[in-house]
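As structure tokens, one chain now follows by itself in the form predicted alone.
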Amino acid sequence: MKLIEVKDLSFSYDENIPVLSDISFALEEGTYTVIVGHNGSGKSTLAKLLAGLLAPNKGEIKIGGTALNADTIESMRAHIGIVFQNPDNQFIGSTVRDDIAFGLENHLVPSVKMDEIINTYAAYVSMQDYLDKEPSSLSGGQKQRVAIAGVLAMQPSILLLDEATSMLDPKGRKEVGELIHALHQKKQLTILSITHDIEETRFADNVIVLNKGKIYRFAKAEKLFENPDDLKNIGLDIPYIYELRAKYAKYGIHLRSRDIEGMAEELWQLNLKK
């Protein structure tokens, strides 16, 4: 099923300067898609359009076959959980428990059922031992985990991450990246991550590359990096793992792993066979 459909989408803040031009793509339910591009490519604007925070100048967005517009925006938002860039701006409660509960309280979920939901989703993001902690005592990565738990507690169809790791240190980025991958594996949640960090593509099903407000490439992650110079020409780096795989391929060793540990295991197995 095509859960997200974007057709001929265009937007500009100033009518003389287009930010997005004729963007079209469709994403299957249960897929993990990363949208990357350099600064000014239109990523953040696309995130706001998908979240219903902006209205397109032209074109349409459909979620589950329903057009996203002024008449449907409220009902559609129930299907989209959004995690933004700065975790500090997302905290409302005085404790982790209160923060995860916020959306549930707004939807009048009974307190007995609410406790069960809070505990379940805190455990999903490995924050069950921090429920009574103050948000200020958490690391950046932990704060984003809590933000994701609060979104998941509302049981959305789509998890939309808008530069969700950009303000984190390397450890925090790694933690949140691994969590997103695990969520996709366990829950088959439809995930759309808009980011400047090319490393996030490692575990994605699809990658959309934006350049100057247009789709430059839309491909499976495996196919995207077959021609690295193509991406370098528009200022994007190539994930180290794909650079390494390309070097091995020159010697006739074709590896499939998307992480160093998996690659090491593949090489070990190949050595055992010789």
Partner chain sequence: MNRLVFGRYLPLDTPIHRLDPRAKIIAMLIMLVAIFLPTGYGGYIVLGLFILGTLLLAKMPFKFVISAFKPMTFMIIFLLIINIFSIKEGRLLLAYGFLEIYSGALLQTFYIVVRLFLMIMVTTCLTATTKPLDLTLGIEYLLKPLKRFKVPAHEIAMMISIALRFIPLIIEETMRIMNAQKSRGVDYEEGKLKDKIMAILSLIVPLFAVAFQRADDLANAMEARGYIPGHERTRYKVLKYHSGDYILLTIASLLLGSMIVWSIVL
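Model, not experiment: these values are computed from the prediction. Residue numbers count along the first chain shown, from 1.
The same protein also exists as the form predicted together with the partner chain; that form is not shown, yet it is the one meant from here on.
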Item checked: Val209, Ile215 and Ala219 each touching the partner chain in the predicted complex (heavy atom, 4.5 Å) -> no
Checklist line | in the predicted complex, the residue from Glu178, Asp129, Glu105, Asp71 that sits within 4.5 Å of the partner chain by heavy atoms | finding: Glu105
Note to self: Considering non-hydrogen atoms and a 4.5 Å limit, which listed residue (Ala122, Ala204, Leu159, Ala101) is close to the partner chain in the predicted complex?
What the structure shows: Ala101
Check: Is there a heavy atom of Ser111 no more than 4.5 Å from a heavy atom of the partner chain in the predicted complex?
Finding: yes
Notebook entry, point to check: Any chance Lys48 has a heavy atom within 4.5 Å of the partner chain in the predicted complex?
Noted result: yes
Next item on the list: Answer yes if any heavy atom of Gln90 is within 4.5 Å of a heavy atom of the partner chain in the predicted complex; otherwise answer no.
Entry: yes
Check: Wondering, does Leu192 line up within 4.5 Å of the partner chain in the predicted complex on heavy atoms?
Finding: no
Item checked: the partner chain in the predicted complex - contacting residues of 122-154, heavy atom within 4.5 Å -> Pro135, Ser136, Gly150, Met154
